[in-house]
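Just the one chain here, laid out as structure tokens, in the form predicted alone.
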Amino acid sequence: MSIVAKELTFVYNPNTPFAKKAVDSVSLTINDGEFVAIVGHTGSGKTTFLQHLNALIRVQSGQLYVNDIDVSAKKVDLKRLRGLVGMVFQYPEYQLFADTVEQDVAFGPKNLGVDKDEVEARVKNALTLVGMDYESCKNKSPFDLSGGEKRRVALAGVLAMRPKVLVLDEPTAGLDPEGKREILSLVKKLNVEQGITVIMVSHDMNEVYENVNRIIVFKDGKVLYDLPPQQLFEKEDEIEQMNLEVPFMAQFTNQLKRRGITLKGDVRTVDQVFEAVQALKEGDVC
């Protein structure tokens, strides 16, 4: 199993009048190859939880395992852990710094001590995975690229570390609709074809609903829900009370259910819903 948390708890400013429990006795398992969204309002604890995964925040109480690494141990092999867990922060293009695309993507594996030939192979592979041509872009300045291309290069820099887990914080923030579709399609492809475990934070419930296989909802430092998307968004009243929006397609399918019509299969995108409704019209009883 990929990630296991047991009674994980974290308090900011402990033993002071300003103490705040950000993560409160969280226990959960994320298995290899899952595509999971972690959602919740600001201050819910989701970001603090995620920062534990590669020891940006050290475990105070409870246990945390990433693959076979005990992250809650006093001594943790941080280089190995951060090679396993790739973090892509919000607006990752702001992390670009090198003179060329190749140098930027190569920075991580070089720091891991990977030899020169292997670094070059990883850079080529990572850029290919994100849909960029190595020969045509390797000598370009990353700052001359478009916003979507910058984000791809930043993602390639993480992929060059060969992570088993990819953590994405608002991966589509600031992108136009086409850029959002491209990034989400890329991430889903990495999950399906490369078997990378993906954990995504997003405030856009429509993109969460359409892409992930499981949603973990944080509130006040605790896990309130841990459900597949369709099951979670059937709870419309509860979701809205948490100031989270109910996705458009979930609203539509929920309305159909209230009228006694249940669409067949895992239908969450516009195209999937359209095809399921067409099947109904053609007499394919659900």
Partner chain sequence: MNVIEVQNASYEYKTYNDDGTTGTLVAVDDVSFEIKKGSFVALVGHNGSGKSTLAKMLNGLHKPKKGQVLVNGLSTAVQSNIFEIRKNVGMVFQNPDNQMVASIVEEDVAFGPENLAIPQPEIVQRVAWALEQVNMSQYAKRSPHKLSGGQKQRIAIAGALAIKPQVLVLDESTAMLDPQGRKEVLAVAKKLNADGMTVVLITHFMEEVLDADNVIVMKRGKIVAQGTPMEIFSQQSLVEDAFLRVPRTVELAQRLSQAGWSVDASCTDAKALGGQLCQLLQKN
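Numbering follows the first chain given and starts at 1. Since the structure is predicted, the reported quantities are computational estimates derived from the model, not experimental observations.
The form predicted in complex with the partner chain exists for this protein as well; it is not shown, and the discussion that follows is about that form.
Contact check for Ile69: every heavy atom lies farther than 4.5 Å from the partner chain in the predicted bound form.
With a 4.5 Å cutoff on heavy atoms, Asp266 does not count as touching the partner chain in the predicted bound form; it lies far away. Using a 4.5 angstroms threshold between heavy atoms, Thr16 stays clear of the partner chain in the predicted bound form.
Using a 4.5 angstroms limit between non-hydrogen atoms, Asn206 touches the partner chain in the predicted bound form. Checking Asp220, Glu236, Asp226, Glu34 against the partner chain in the predicted bound form, a heavy atom within 4.5 Å turns up for just one residue: Glu236. This chain is displayed alone, yet in the predicted bound form one of Met249, Leu50, Ile30, Val59 has a heavy atom within 4.5 Å of the partner chain; that residue is Met249. Partner contact region in the predicted bound form: 36-44, out of 22-30, 227-235, 36-44, 51-59, criterion any non-hydrogen atom within 4.5 Å of the partner chain. Shown here without its partner, the chain carries Arg181, Glu210 and Glu245, all of which come within 4.5 Å of the partner chain in the predicted bound form through at least one heavy atom. Residues Glu245, Phe248, Met249, Gln251, Phe252, Gln255, Leu256, Arg258, Arg259, Ile261, Val270, Asp271 are the ones in 244-271 with at least one heavy atom within 4.5 Å of the partner chain in the predicted bound form, listed in sequence order.
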